[in-house]
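Shown below, as structure tokens, is a lone chain in the form predicted on its own; questions about how it binds or moves come after it.
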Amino acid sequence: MLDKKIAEPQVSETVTKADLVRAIFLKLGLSRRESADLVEMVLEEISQSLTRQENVKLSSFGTFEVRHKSQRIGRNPKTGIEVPIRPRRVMVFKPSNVLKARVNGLDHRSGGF
């Protein structure tokens, strides 16, 4: 959860939308309903922007973008038969250098990459 200090990395823990709502509720003092509405509004705006194929850049966090994949030929690994893979859009996330440094326990200003 977001509001507790973690002594050791916990690989299996997942932060949910409810955890985000709770963190906002505890840290900002908004009501639970206002916190839930805020989280929902932010996620909806990000979703709508990506649907419009706009990049979403969150300073010191990272960039979400939609990339276009062309049609290509793939291979069924069981049978070895070639099959066409249709063109599609995929969403990718590129973390900022600040986030990478934080995840790795480094101070991003010291250039410790």
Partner chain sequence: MIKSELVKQICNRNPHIYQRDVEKIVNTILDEITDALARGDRVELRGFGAFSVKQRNARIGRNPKTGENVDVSKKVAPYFKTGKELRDRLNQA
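Positions refer to the first chain, counted from 1. In this text the structure is predicted, and so the values were computed from the model without any measurement.
One more form of this protein should be noted, the form predicted together with the partner chain, which is absent from this view; the next part is about it.
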Can you tell me if R72 lies within 4.5 angstroms of the partner chain in the predicted complex, counting non-hydrogen atoms only? no
Since only the chain is shown here, I'm wondering whether K27 would be in contact with the partner chain in the predicted complex (any heavy atom pair within 4.5 Å). yes
Check S59 for me: does it contact the partner chain in the predicted complex (non-hydrogen atoms, 4.5 angstroms)? yes
Is there a heavy atom of E45 no more than 4.5 Å from a heavy atom of the partner chain in the predicted complex? yes
